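Form predicted alone, single chain, as structure tokens, below.
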């Protein structure tokens, strides 16, 4: 059975897309799937740093797409999570280096090797976006509760629908205190505007900064609310739609303890 390719996109940069890609890849691998996360931000790679694998790069996604190496050579195995692999971006090329035909051939190779492939799409709607979505089966749109992020996400959603890809939504970096005071959009506001399926809510969490700086998967931190939110999103992506979406505005600690104890993510 061929693997599934999911593009993680946003339109606007700086909304936590790369962190989300790394977290979801780790969480899905923890569920026993063989996962590749692919950095398509050619020229500006960051996913390798977020995953703590920056010193192990020999080949990259351009080498693989151009046939200069094999999938096994370009795939860097994570040190902590079995079945998790990174295919890094090139820093010496630009987003126009690859064509959509290159990407279609690359996606075919990756489907044969992995159960799930997560593509970290660069910001914008130029060639990097076209290359990232051309082989995708599904899309996850990451959006923060900001007007500019919502507007850009809306543009991306239209482009995805035009390519017959149905997007799902993650609202990231929610600050409950600001939402409660009316100084930040609520996730309901975002969903009302974007009108796509919501699959997860992730609150602002200082643990994410520590995780990014140390290259440690946030989903391994049982105290991180963001990490646990990404684990729930990953399970929904795998078809476990009964997993509830936790609203950060609720009495999240008590509610989450009850839910997580049922699904085995954290001791009650």
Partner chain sequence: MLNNFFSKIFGEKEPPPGEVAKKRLQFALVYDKLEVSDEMLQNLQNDIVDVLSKYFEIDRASLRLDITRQDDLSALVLNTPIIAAKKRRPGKNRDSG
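Numbering follows the first chain given and starts at 1. Just so you know, these numbers come straight off a predicted model, no measurement behind them.
Omitted from view is the form predicted together with the partner chain, to which the following refers.
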Consider residue 134 of the chain shown here, and say whether it contacts the partner chain in the predicted bound form, taking contact as heavy atoms within 4.5 Å. no
Contact test in the predicted bound form: residue 125 vs the partner chain, heavy atoms, 4.5 Å: no
Looking at the partner-bound form in the predicted bound form, is residue 154 within 4.5 Å of the partner chain by any heavy atom? yes
Quick one: is residue 193 in contact with the partner chain in the predicted bound form, heavy atoms, 4.5 Å cut-off? yes
Ok, 112, 82, 197, 183: which has a heavy atom sitting within 4.5 Å of the partner chain in the predicted bound form? 183
Could you tell me which one of 170, 150, 103, 160 places a heavy atom within 4.5 Å of the partner chain in the predicted bound form? 150
Thinking of the partner chain in the predicted bound form, which stretch from 93-101, 125-133, 175-183, 161-169 has heavy atoms inside 4.5 Å of it? 175-183
Within 122-141, which residues have a heavy atom closer than or equal to 4.5 Å from the partner chain in the predicted bound form? none
